[in-house]
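Here are two versions of the same chain, shown separately as structure tokens and labelled structure 1 and structure 2.
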Structure 1
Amino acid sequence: MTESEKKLNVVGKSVPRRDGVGHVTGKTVYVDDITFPDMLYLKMVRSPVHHARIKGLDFSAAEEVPGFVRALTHQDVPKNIYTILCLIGVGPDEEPVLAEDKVLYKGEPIAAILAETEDAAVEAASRVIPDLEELPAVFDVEEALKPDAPILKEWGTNHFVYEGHHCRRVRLGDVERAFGEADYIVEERYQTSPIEHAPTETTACVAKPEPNGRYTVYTNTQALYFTLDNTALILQLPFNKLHFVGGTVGGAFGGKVDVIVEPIAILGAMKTGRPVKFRYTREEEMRVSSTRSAWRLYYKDGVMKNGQIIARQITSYADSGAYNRHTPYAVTKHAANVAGPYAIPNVWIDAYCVYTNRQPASAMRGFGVTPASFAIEVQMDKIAETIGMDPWEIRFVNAYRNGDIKPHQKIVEDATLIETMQAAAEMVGHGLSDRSLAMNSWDREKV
């Protein structure tokens, strides 16, 4: 063992999970295992349609269910707006905690029911009769941008507005001139679907009022202080009135960064003075929790016979679903990465955040970047096939190096892309050309 290897206490070693024994022996306590005396259960009344105007709510049949305690509507929420992007300076905040005058997706919460048992809460919620005037819905990102599409947002468009622009734009060089000089034009359309995180433990929390006026919240959020801060803003409470207890997340992958269950559970505890549990059923987790966005991407590349890409034009559409959640931020990350880790002198990108009547999308493992990576690398294979070049070689020819300028005007530092590809080729036994083996991330040779 070398001296440098002796200093490594994690890299190259098997490190036991600190929670592993509890998981495999069944001793781990998850949020849904937590109960308190006199605890109430919360269930949502959800929209049965994708788009509608709310004309009224009839709770009379629900109130007759044995065990019914009370209902909560938007009028009970101190600041009835989710604020999950305001903390990073992205607005406007436009998603209600409980729907007010409209619903924009099937499953959107309209009211909350508190009851003595979970069964009673489910039964009472099913008996609430919403008076809805159904409206036209739109489910396709390009259809949503057409002039005759039903408008979902109060600012008059079905797209997020970036500093006055209809999309997130990136411009470098002159793509039209470069297309005219290219030996090949390679075009393709790529589409990804929404992906559900499917955590082992569904989204859940338990809110308990304390004698000192604070609220202790046991939650499986993956972002404890982010969730606490946003909950305090929604409930208009001082931050020190909330004590959030995390622990087991039960699987998240980005899906438990949304602040959805905690504010309404605490509100129930505030209104009743009793502990409140709110957990998603498996059906709710699949049908109404945030997904990874669906993306549609159009690529047009100008390529020379030697494999050099001299122009790349991209138009992409993120399906945000009915509300912002984290998608406007994802589109910004997407625009910075969608041209790929390649040195292309002329780049044109229009990246749209589009609203449809689908369930809201949000964070999931590299959100915004992962769909881009899929499209980029399939496109690189298509270019290699078109010009008759080895797909490894096409990547070495175009790989960015230290000092190159990315399309969004950031200088590449510590690229190591070439070295990583060389190591990967060696590991899988793929023979590289002498030229590719001689390349590095510091010296750029003429292609």
Structure 2
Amino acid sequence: MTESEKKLNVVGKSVPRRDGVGHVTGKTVYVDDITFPDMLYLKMVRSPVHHARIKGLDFSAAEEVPGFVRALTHQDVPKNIYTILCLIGVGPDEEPVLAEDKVLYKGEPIAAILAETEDAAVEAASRVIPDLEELPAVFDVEEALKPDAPILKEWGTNHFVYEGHHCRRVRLGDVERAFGEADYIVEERYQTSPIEHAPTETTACVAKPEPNGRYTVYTNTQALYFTLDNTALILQLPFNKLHFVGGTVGGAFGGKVDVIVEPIAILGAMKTGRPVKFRYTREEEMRVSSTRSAWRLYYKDGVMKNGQIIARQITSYADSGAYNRHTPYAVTKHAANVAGPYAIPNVWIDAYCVYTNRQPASAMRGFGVTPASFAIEVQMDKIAETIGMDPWEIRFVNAYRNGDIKPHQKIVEDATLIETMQAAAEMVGHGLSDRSLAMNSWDREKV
């Protein structure tokens, strides 16, 4: 402990929020509060179907709308196919800014319309009826992995490829041998739902061309540099042509880390020389923006009579929707946590990132861990019931301690699961066994 940590003056105090007065007076400036006199509005022409080949696009009726300025198609986007995790080495690129020859989900953007007013942009976009040839679609993660499923990706599979593997694998010990030694085998299937972040403020940005040749972008992204860097790559612009301004967000919950509105709005500003605002409607936020992915998980546990879980085998499938966004990363984080905060000597995990014809999933509060925590904790109750043990006690029997090894071979530090459970039991007046009461996260009792 350094000297400054001994006596804390400010840390640990409930000081008032720095932004509080702005919030209660309505003076905090959010992106949609920013307007410029000559600003244009951007709206997308979106796919009305889940999966189709694009045969043609006709803008002639849109051009008739008073206030129409211009349309943008994939041909206008310098590097149209991207994947945002390329910044950390994830590939290949696979999502178009604007669809090229195919759409993979209902609501996928096909063309952008720029107009003098938002109403004109909406009207013009509605008049572009794309000529589509509908294709069979797949919505179930396990169906998508079958040989006869329609293939969504250029590389010929409907799953992300992890260094040559179909899935993210975690292997510790020998589950098959341990299943043979177990007194009980407990199996279950779990399913979660896609969920909308529903921040009260929708996703938005304003891109403004500056006289010095740069673009100022007011945005509610959760990650300014991550968005800036991805945008520069998509637009093939020198990074220093972009100036991102934000830092104040009306709720996000993971829903504002995709790079969605900024590149196309800046492109609009580049092509027209005018500021461009692109703000999602609530309907777009719900039907088009990324969701929390739905997950399906299969658990198989080998358990001893004393409650100890000696083997855990998990196969899980993340429904990534049509594109990567952040899901390949979520699957890895999931794989590191899906066995739970328990000390289990034999673990086998296959975690898949699967593509379907659904609006893309991405990050949300609990990124890959929320579905894991749900399945683990329902499974713990099922184990307790199967072997006739108290649900609290089964968790204490298996709780991880500092110094234990996790399935992904990380040594546990900062474990306080036992203390947290003890505090919760005390809070609700639940009596624990003497053994559970005596446990702590630092010493494993010598049995």
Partner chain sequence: MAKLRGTGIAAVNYPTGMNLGGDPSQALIHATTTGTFMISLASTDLGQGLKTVLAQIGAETLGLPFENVLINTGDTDTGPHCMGTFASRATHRVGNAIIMAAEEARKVMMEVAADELEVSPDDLETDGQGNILVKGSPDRSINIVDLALAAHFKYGKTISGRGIYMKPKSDVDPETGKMDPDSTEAHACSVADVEVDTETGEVTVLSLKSAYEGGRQVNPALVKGQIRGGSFMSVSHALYETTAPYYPAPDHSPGSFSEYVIPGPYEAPEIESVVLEYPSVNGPYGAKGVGEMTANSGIPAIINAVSNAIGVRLTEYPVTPEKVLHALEESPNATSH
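Numbering for residues begins at 1 and runs along the sequence of structure 1. These numbers come from a predicted model, not from an experiment. We call the rigid core whatever largest set of C-alpha positions still superposes within 1.5 Å between the two forms.
Only structure 2 matches the form predicted in complex with the partner chain.
Relative to the superposed core, Arg435 shifts its CA atom by less than 2 Å between structures 1 and 2.
When the core is overlaid, the C-alpha of Lys13 ends up 3.8 Å from its other position between structures 1 and 2.
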